[in-house]
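This document starts with one chain, in the form predicted alone, laid out as structure tokens.
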Amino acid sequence: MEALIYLDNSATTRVRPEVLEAMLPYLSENFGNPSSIHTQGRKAREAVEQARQEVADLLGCQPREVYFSSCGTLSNNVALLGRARFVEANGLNKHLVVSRIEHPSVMGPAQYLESQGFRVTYLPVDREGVIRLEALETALRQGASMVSIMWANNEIGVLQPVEAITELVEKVASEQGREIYQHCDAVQVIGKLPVDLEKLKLSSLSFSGHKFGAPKGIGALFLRRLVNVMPIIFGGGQEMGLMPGTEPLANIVALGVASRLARLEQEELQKRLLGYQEKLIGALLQLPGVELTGPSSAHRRLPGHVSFCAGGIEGEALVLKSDLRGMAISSGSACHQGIIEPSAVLRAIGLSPEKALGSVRITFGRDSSDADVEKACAILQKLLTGVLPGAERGG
């Protein structure tokens, strides 16, 4: 049986061998609790702080600005709900701005805050998924005190103009003489694009380790020094009180190693992923009825990310047909109690229900090869030419 062609790297990645090797001692002999003051505890604490430094080096920030969490979802919730607690406690404007294509871990807190009396502005996006800066500026000038715009969307791969967004937020905050808190969900970006938080003046940023070679169960929150966020979880002092609970030592070590490797390899990986992406897009656009979702230009899209819709077949069906041929991809539709419906992201960019149900996402990663791209092109061409209107019927 041929090896699996894994092209769902935006969902999760394989744990890197180097990362796994680094973890193992902290699951056996170096098992101490980082809060303990004996030798085992001190060794564990040293490992945690080394990992914190590695993450800081990847992000271009200070180690004291890095808070370890269990995942990107928790980081997003702490960033938004914790800041909302501060807003309420200090009588600031209870007004949050998000885009209409945020991940559920941002949209969920936004909807909860709305139910608790916050005003939430949901920014529209254009056909490619990009927010309108004019709409953001209007919301900011109407007193918004919190903004959360994701850097790269997981479904359609669109990259938001993060630098322009931060500059606009800073401009309005300066003109109005007040602080505007700006969070960014960067879960899809870390390891694929360079990040320099010394230059990019975000208040906070979240990410998850399993998107770039660390295991599931570890993420981080960058919180800029002197920016106030109040805890939403109580009962311990770990991670300076923001993420209480005994630290997952081996996972933290893993995140540090994955961060170091990502920093060293990022430039080469970005170039390779762009090459894979452009080749697959070129092959798909030769087929009648195939339409990209998200940006038409690869350089406005997350490296290695391809999303498209194809008339005449549901995305879920194409995922299953691909799986039978040894290729793992994903769809943009969701199944709830047996009913398949298009995602909110695809509806937000104006896709018809029929097109949205036919959407598919393919994401290359570090382990992808030239041979994987060739096989993916061949499999998709065979599957799609068998179902697309006007195309040659295949077997």
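Bear in mind the structure is a predicted one, so any value in this text is a computation, not a measurement. A residue's number is simply how far along the shown sequence it sits, counting from 1.
One more form of this protein exists, namely the form predicted together with a small molecule; it is left out here, but the text below deals with it.
Contact with the small molecule in the predicted bound form holds for none of G82, H183 and V229, as no heavy atom of theirs lies within 4.5 Å. Using a 4.5 angstroms limit between non-hydrogen atoms, M150 touches the small molecule in the predicted bound form. When the small molecule is considered in the predicted bound form, H210 lines it closely, a heavy atom lying within 4.5 Å. When the small molecule is considered in the predicted bound form, T293 lies well away from it, no heavy atom lying within 4.5 Å. In the predicted bound form, at least one heavy atom of G72 sits within 4.5 Å of the small molecule. Residues placing heavy atoms within 4.5 Å of the small molecule in the predicted bound form fall in a single listed stretch, namely 187-195, out of 173-181, 321-329, 253-261, 187-195. This chain lacks the partner; the member of S145, N154, Q277, S203 within 4.5 angstroms of the small molecule in the predicted bound form by a non-hydrogen atom is N154.
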